[in-house]
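Next come structure tokens for two forms of one protein chain, structure 1 first, structure 2 second.
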Structure 1
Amino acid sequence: MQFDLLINAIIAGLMLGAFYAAVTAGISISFGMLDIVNIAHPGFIVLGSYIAYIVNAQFGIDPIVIAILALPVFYAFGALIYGIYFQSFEKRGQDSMRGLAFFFGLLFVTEVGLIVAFGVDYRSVTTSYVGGSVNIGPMEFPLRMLVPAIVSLAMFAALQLFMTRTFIGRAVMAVSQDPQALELMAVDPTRIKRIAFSLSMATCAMAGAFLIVIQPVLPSSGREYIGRVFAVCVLGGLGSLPGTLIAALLIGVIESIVTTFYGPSWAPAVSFGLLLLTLAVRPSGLLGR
């Protein structure tokens, strides 16, 4: 019985981890590769959830389809934010403290704006697969978790392929190492960074849809994910997408086991504890450069 519980906790943790990977992918690009500490990322994910919620409530479209349709919107939004960030902070060399305060302000404004617009009630979506599950022997795969997990792994694979196989993707990896060298190769580093940041923002649309499929969402839901995404990102090693995936699965499994055996109120401390531990012991992370 205890063994069944453990197996199911691990399975739930792996699916949760795949979702965390989608949530962290954007941070891994913006923080890990571009050195832009976008702490507002989780706030934009919740924004993505609310867009999925509104369209789903109006037209009954599947949230993940909505997210795919919303990708260009979030991409453009990302380009806008990077434009402001570049003009106001990065160009003037003030990106450390004021840049952080800027993103913190964005996080806060997103959250409070959603509270003003929608109140502090839980919002959720209706889809055909929310209630169902697939059972293999003693193992249970709730579709509510399984569908987002599979799509998020697919998204992750697509991102990794883009980063390693295309010219722009490689340029993004290069800009994180040496923007000046990139400029000498006649590539505009600002343009590359804008594209990469917009991409990271586009992942928010997807992650937001996953989030609201998995659980009901509050305007303040993003806050729980701040520490988690940075924990995953730092544990995986900055700028390493495979590292991010491994760390996400690891944290998902540990959290799930803690929730199963010690109660859900301790779960938030897991990722934060791991984050502090990583920072203290091995700041470069699992697969860090």
Structure 2
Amino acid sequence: MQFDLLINAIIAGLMLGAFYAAVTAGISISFGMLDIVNIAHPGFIVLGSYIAYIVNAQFGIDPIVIAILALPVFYAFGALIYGIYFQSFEKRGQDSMRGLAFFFGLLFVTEVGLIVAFGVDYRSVTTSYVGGSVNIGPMEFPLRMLVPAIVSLAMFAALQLFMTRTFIGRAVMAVSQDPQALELMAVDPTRIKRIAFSLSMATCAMAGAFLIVIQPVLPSSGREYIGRVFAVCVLGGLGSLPGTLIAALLIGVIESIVTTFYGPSWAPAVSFGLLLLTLAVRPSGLLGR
């Protein structure tokens, strides 16, 4: 019985970790590659959840399909935010930490706006697979976790292919290391950063859909992920998407096992303890340069 419980805890942790990876993907790009401390990222994820909720309630469309359709909107929103950030901070040579107040303000405005529009009640979506599960022997795969996990891994694979196989993707990785060298190749670093930040914002649409499929949301739901997304990003290694995925899966499994056998109150302490231990041994993170 204990073995079956452990197996199911690991399975649940892997699915949870895949969700954490989707939530952290944008931070891995904006913070890990561009050194932009977008603390409002979880708030934009919740915004994506509410967009999925509105369209699902009106038309019955699957939240993940809604998120895919909303990708261009979030991408354009990211370009707008980066334009403001660039004019206010980067263009003036301000330290990146000075933009922290700017993104904190965006987080606050987003949360308050959602409270005014929808109140503080939990919102959820209706899909054909929420509540269902796939059972293989003693192993159980809840579809509300399995479907987001599979799509999340597909999204990560697409991001990694984009970063490693396209010119713009390689330019994004280059701008995080040496923007002056990029200029010598007649590439505008500001344009590349705008594309990268917009891409990081587009991931919020997908992560928001995953979030509201997994659990009901309310405007303040993003707060519980602020520390976790930065922890996963740092643990995996700044700027490393594969490292982010490995760290997210690792934290997901550890949290699930600790929650199953010792209670949910211990899960965050163990996860962040792992982060501190890893950074003490390897300060650059699991796959950091």
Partner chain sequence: MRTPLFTLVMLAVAAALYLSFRFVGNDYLFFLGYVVLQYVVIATAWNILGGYCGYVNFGSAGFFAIGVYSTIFFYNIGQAPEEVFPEFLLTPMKWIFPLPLPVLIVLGGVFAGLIGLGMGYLTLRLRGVFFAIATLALAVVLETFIVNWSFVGGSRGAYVIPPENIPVFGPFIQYLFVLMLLLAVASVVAARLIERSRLGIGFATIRDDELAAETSGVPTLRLKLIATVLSGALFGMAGAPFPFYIGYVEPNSAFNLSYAVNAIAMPMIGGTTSWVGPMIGALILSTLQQVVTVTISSAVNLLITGLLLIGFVILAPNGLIGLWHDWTGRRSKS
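Here the rigid core means the biggest group of C-alpha atoms that line up within 1.5 Å when the two forms are laid on top of each other. Counting starts at 1 with the first residue of structure 1 and goes up one by one along its sequence. Values in this document were obtained by computation on a predicted structure and should not be read as measured data.
Pair member which, unlike the other, is the form predicted alone: The chain shown as structure 2 is the form predicted alone.
Rigid core fit then Ile10 CA moved by 2 Å or more between structures 1 and 2: No, because once the rigid core is superposed, the C-alpha of Ile10 moves less than 2 Å between structures 1 and 2.
Did Gly60 shift 2 Å or more between structures 1 and 2, C-alpha, core superposed: No, Gly60 moves less than 2 Å.
Large Cα move at Pro264 between structures 1 and 2, threshold 2 Å, rigid core: True for Pro264: a C-alpha shift of 2 Å or more.
Rigid core superposed, the C-alpha shift at Thr278 between structures 1 and 2 in Å: With the rigid core fitted, the alpha carbon of Thr278 is displaced 4.9 Å between structures 1 and 2.
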